[in-house]
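Take a look at this one chain, the form predicted on its own, written out in structure tokens.
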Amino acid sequence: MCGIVGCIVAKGNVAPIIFECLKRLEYRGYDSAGIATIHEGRILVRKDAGKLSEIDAKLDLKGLPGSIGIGHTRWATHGAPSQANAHPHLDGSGTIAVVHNGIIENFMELKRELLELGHTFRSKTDTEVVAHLIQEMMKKGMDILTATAETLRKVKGSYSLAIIHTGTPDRVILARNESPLIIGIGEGFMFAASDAAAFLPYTDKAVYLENGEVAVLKIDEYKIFKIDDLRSVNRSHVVLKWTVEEAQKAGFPHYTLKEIYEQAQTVREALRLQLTYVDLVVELLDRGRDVFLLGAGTSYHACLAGSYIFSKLARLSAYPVIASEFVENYGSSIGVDTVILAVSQSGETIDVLNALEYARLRAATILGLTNVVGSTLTRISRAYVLQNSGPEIGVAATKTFTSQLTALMFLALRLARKRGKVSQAEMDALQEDLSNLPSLVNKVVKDSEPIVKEIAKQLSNAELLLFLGRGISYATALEGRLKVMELSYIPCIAYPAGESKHGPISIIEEGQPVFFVAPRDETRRYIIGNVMEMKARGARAIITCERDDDELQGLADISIPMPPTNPLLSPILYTIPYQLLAYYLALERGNDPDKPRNLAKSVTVL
């Protein structure tokens, strides 16, 4: 998730305005930034790695001349943060500049085609391909709008784009597919931005572009067209009633809730892993004699779920280990045949890095799954993949967890294909399940929220909450417990349901809330017995299960209905109601869900 801005002003220079807009978008990305303007027939670019204010102090971003320009603040998905990889990106002639939010899935294929045509690339980003493709189309006599549309017909993936061209120095070309893009209308100026927070101090009149649309922005007008055939689209503006802070949160009261709602999109982006890197990770996993999945906190829960997924799909025994326990538990057995896939949102978690340093010195193969390009994990890994979640502002991990699970499922499926462990029919069914996942995530968030809000009201004064699950759902129970404990401060326990008779059952009294994670899988008949055992002792059973599972619905004091899905994908969906429960319990108890006490986003000290 990055922030893009386009702006045209009737008088004066546009760079100071773009700079202020980018400051309001820095929550969308802050590893690099840049601005490009058109002045005296040339495109001028200033950009670098680092935070916006640091780059301005070094390069004077605000000092760029010109009345039209584009800007970008980046969260890297392709290419580590550097001056070369920072946006804006130019074509080979230096007459086209592009800024981009999103992921171009087929950029490597397109880049190979362009290299064969003699193009030279300056960066390792997916975005630069767009500028060169537009250049190639314009060589055929197309104008900038037609060339952009023709380019985007070849592109697969998500994007919001702002493009300027020296041949048309009075306009910004815009395009959108899946990544947000909004036009802001003013007197003597026009804006485009990833969200309205960028331009709200200047205007409250906004026009939302929709998927598959391209637009031309000029000082006194905007025109919208369909990318497919360039037919015209009529759309009037709306008047926004948000403050800048509300706009940054997309109208949500807290970043945590906004990020819970973003999971449909972040799961979709997590499915856009580059196959070249995925297959390298898969190849190295396949070679390992001993394979460990290493993480801390929420990332450990993703590892635990991942161990079930790798075992079920690829017949790979991958041992999930809490990073801080790794050296003591397994240090003496680490060697050249050991492969470690480390999972870390930040790529900087100190317990993870300490364990990896120990293993690296003993010749183990280090692999990474992270959200941050250029992090220490990406630098020390032999190969890594990115989960593509974008920045997460809320301290409690939500969208980053579901993205990690999605990426692990993707890796396991590729490994299963390589090993020949699943039939083509099974593979096709799993691929369809994955493609349906974003829409199911969206449905679960919306459908479960009103039920969970009511549960939170009823449990706001609870003294203890118990979470039970079997098989892969034990990982869901652990993550649900962690989210609720982090945000509500209510003591919580999570156990494998099969172990509930070894301790947890002793604390059950009349009315004690017990959450059961119960998808329709091979453990279902056993968890029904666990539900009955707990209810016989007075427990209040709150069951998350499929909406048409009449037996479990009938046993529940409260049920949270879920759509049918492949059981291996259930942690992605079934965790969401517990994220919402944690959020609404925090509100009921007067806590700030974005900043829970005593917690940090990334644990970088021992």
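We number the residues from 1 along the sequence you see. Treat the numbers as computed from the prediction; the structure is a model and nothing was measured.
The same protein has a further form, the form predicted in complex with a small molecule, not shown here; the description that follows concerns it.
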task = Could you spot which one of K483, H89, K399, R74 gets a heavy atom to within 4.5 Å of the small molecule in the predicted complex?
result = K483
query = Tell me, which of S82, S460, T338, S346 has a heavy atom within 4.5 angstroms of the small molecule in the predicted complex?
reply = S346
message = Looking at 509-517, 291-299, 407-415, 230-238, which stretch has residues with any non-hydrogen atom within 4.5 Å of the small molecule in the predicted complex?
response = 291-299
request  = Answer with yes or no whether A206 is in contact with the small molecule in the predicted complex, where contact means some heavy atom within 4.5 Å.
outcome  = no
ask   = Applying a 4.5 Å heavy atom distance criterion, does V395 contact the small molecule in the predicted complex?
value = yes
